[in-house]
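This document starts with one chain, in the form predicted alone, laid out as structure tokens.
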């Protein structure tokens, strides 16, 4: 069935994408009407159940979203900061209850109190100007956060790349040729910054070696991990780095179309990237015969509609195709059969944005940064509990305690652990910080996960059992439903914890261990498979706090 739907959707291609049609038609009422769903089903030669099933999956398209005007961030960082209840109280004074919904996450973790109104994001003290925002008397309230770097020659946080810089970089790219550029990327040993850490050079080479009439480059800009806003920084402040990284990937692999799937929770990023593409188009760097060559490349921005699972590459591809964003079984891998069944390279924002520096300075120069296995630099995000919150570029391998206590300046209040790498990452107790370095191997060997390197602080005052309940609930809400371990396991885990909190029944430790193992080894993707890590970390390091909720033999 999915192959048939893919073929039907591909009849319109990217230019009139079904998912894009659904998002556009939802703008007025907050959800596409039944008449629209029927019309689109007829236009794309699909059953009405298909368009309804797709639409009902997404937070911003489902029927319950009709009439919603304002969204409150319910991500982990805002939850732990304790700002959202008072925020909602102020919103209730101006909106009906049914006009208020949620978003996760708005990427305002550095100051919290985050909400979305009128297709714009707000945070911090913006709520105090709500009446002016509603009356359009306050036109622009842009958040401000520190962007820092420890490097003499930053890879990602230097002066923004201009359109003119883009032209010169492409000329250098063209003069070197695809094979030499690929060699530089492989020499750099850059690994995916979205969390998986897969070598980028091998992924591009795999796609390059496959013969096909059409190939795609996809930028996974669906950064949904609470605590991580580094992709938002790059999209809003360094868009040309990202676009050039995509074009370079296409140049090597033989792809002429690039898709930026940007989460709907980042409206400013969507606008800025779209304008950057228009700027490139105006100088002949978008479309056919770029800089007088026979190379062709076109960008396409697709706006997400509120689904964390679309951060998983195969779910993202299904979303672009207009299908329900369910995770695919692999193999085949996207480089073999990706978007519309064609060879596709999917990379995250930070990975792509690193390419211009590698092209300019050489793969060996990049490999000289960091460690042998975790080369280069990494963007880290510090939340509002830090004295110095913000986005910082650091060299891979630096001591984690340097990140926490020197760069971050320590904490504003007592913190018992930091959750690194999003909801599916590891919970690192304060006592273990000094035993870690900021690289993939150190975190893995320590029993944690670096992931996207967003850091969320868990304060002493916040019960760990409440946080674990939040993680299970998050997974249950965001599961695509394709596999039972994730879809059912997350609900059963949440029920165990809720029952223990309510005093109905204590947690059976053996049963919980079996559940976590089933989710870890049986889930199709890291949503269900990654959740157990943080839960196990909490059970290991916070026994004294959690034992009251666990059945004792």
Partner chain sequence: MENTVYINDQHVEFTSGETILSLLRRQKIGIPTLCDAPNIKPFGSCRVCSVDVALEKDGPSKVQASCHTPVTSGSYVYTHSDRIKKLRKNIVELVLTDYPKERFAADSPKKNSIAWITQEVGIGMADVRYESGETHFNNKPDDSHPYMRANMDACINCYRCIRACDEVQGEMVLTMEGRGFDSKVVIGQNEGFSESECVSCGACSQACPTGAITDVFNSKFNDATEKTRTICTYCGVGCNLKVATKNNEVISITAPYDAEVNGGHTCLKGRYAFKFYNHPERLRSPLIKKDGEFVEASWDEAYDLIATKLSEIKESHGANAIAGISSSRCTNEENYLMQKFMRAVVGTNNIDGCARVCHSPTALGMQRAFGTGAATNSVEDINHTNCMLVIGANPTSAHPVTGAKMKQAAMKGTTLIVVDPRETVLARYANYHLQLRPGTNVALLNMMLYYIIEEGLMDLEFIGSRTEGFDDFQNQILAINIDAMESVTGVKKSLVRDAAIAYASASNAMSFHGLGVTEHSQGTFTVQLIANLAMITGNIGRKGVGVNPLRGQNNVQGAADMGVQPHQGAGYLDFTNPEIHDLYQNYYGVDLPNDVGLKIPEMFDAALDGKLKAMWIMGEDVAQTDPNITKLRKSINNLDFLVVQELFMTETAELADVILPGASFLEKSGTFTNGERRVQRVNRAVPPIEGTKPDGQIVIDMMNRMGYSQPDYAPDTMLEEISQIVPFFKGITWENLAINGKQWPVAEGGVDTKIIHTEEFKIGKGQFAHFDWRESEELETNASEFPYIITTNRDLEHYNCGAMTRRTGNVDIVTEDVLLINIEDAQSNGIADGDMICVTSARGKVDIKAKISDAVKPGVMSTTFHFPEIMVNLLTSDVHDSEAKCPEYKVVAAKIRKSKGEVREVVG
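Numbering follows the first chain given and starts at 1. Values in this document were obtained by computation on a predicted structure and should not be read as measured data.
Only in words, not in the display: the form predicted in complex with its partner chain, which the text now covers.
- Taking the partner from the other structure, its partner chain in the predicted complex has a heavy atom within 4.5 Å of a heavy atom of residue 479.
- Residue contact check for residue 303: none of its heavy atoms lie within 4.5 Å of its partner chain in the predicted complex.
- Shown alone here, residue 68 lies farther than 4.5 Å from its partner chain in the predicted complex, counting heavy atoms only.
- Its partner chain in the predicted complex is not approached by residue 184, whose heavy atoms all lie more than 4.5 angstroms from it.
- Of the candidate stretches 360 to 368, 220 to 228, 326 to 334, 418 to 426, only 326 to 334 has residues with heavy atoms within 4.5 Å of its partner chain in the predicted complex.
- Annotation for 514 to 550: interface residues with its partner chain in the predicted complex are 514, 515, 517, 518, 521, 522, 523, 524 [heavy atom within 4.5 Å].
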